[in-house]
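Quick setup: one chain, the form predicted on its own, written in structure tokens, and binding and motion questions come after.
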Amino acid sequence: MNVLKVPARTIAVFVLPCLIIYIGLVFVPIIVSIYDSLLDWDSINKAKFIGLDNFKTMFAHDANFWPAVRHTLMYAVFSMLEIPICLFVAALMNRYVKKANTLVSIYFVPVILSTVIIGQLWKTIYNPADMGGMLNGILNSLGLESWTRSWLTEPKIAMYCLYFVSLWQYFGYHLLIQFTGVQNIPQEVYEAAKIDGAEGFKSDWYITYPMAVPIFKISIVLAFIGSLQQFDLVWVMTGGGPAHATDTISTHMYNSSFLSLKYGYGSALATFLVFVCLVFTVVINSVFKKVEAKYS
């Protein structure tokens, strides 16, 4: 069989423009942000080079930094909890639902909605009953008045309310990824397993789940990295409040840069966030590399 060899110049013609755009939109801003993190700059006066002072302030003197880190990491952990559920649901749908693609499309609807719409919708749901809040209204109608809360203004529960909304919004996204992965598993494998007596949940345990590991890894990485950068939903629903109880690294960075006009410090936060994303991406890929090797 003859294999067509594509000249390197031809490959470069198609790859180079995209590579230049990618470098300009991703790597150049990262380099600029790292440089700005070494400055004391308010966007008005002349920038002053201060070395690592912004990072010293961030780690040792910023009372809101570590709570924001904790909220962000918890956000990432919660975002991954739904992925095993998505894989389980995808396996059930692939076996028992005839028009599963239609059902997956319905689940996917929240993903295509604007985050602003999602945030405003759930703010209305979480409102107090006298302001038309659906959740408190339902609890009152069920005689559970003691369960009603000011969901987004109580520091101890506000963050968990945001976690739930995020899980609801992206459930269809990860379900679609997992369902596509399950559908791509060859039917011949299931037929061979059936001959050996593996059917139903047994075939899922020994075939579907192990063979879905690469797709499962994709969802884990996307969910984790996306959650580390979570900003828009938090900003729309709470703005990081009450009293910084729902601050994430991204909202703290926004407040520092654009509200407090500490662009150098905001760039230090951005640099820290990029570093954390890179570290966790490497860790997750390393873990799943061992898992894939085990089931390959």
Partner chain sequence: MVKKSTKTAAFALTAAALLMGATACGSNNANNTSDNANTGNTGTNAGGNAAAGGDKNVTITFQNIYPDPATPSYKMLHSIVDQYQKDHPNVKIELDSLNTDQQKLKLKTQAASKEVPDITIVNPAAQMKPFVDAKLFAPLNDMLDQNGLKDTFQKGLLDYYSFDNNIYALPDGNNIEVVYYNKDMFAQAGITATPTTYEEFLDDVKKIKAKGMTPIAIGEKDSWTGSFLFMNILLRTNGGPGFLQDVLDGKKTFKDPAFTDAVSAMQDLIQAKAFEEGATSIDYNTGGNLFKTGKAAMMIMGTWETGAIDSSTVGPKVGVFKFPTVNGKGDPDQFMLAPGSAFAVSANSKHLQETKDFLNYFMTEMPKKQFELKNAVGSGQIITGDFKAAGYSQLAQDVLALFQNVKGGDLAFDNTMKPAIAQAHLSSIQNMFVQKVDPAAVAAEHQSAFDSNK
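Residue numbers count along the first chain shown, from 1. The term rigid core refers to the most C-alpha atoms you can superpose between the two forms while keeping them within 1.5 Å. Keep in mind the model is a prediction, meaning the values are calculated, not measured.
There is another form of this protein, the form predicted in complex with its partner chain, and it is not shown here; the text below is about that form.
Think of it this way: in the model of the complex, its partner chain has a heavy atom of just one of 66, 258, 49, 35 within 4.5 Å, and the residue is 258. Using a 4.5 Å cutoff between non-hydrogen atoms, residue 55 does not count as a contact of its partner chain in the model of the complex. Its partner chain is not drawn, but in the model of the complex it has a heavy atom within 4.5 Å of residue 152. None of the heavy atoms of residue 60 is located within 4.5 Å of its partner chain in the model of the complex. Within this chain, residue 236 lines the site of its partner chain in the model of the complex, having a heavy atom no more than 4.5 Å away. In the core-superposed comparison between the shown form and the other one, residue 285 has its Cα shifted by less than 2 Å.
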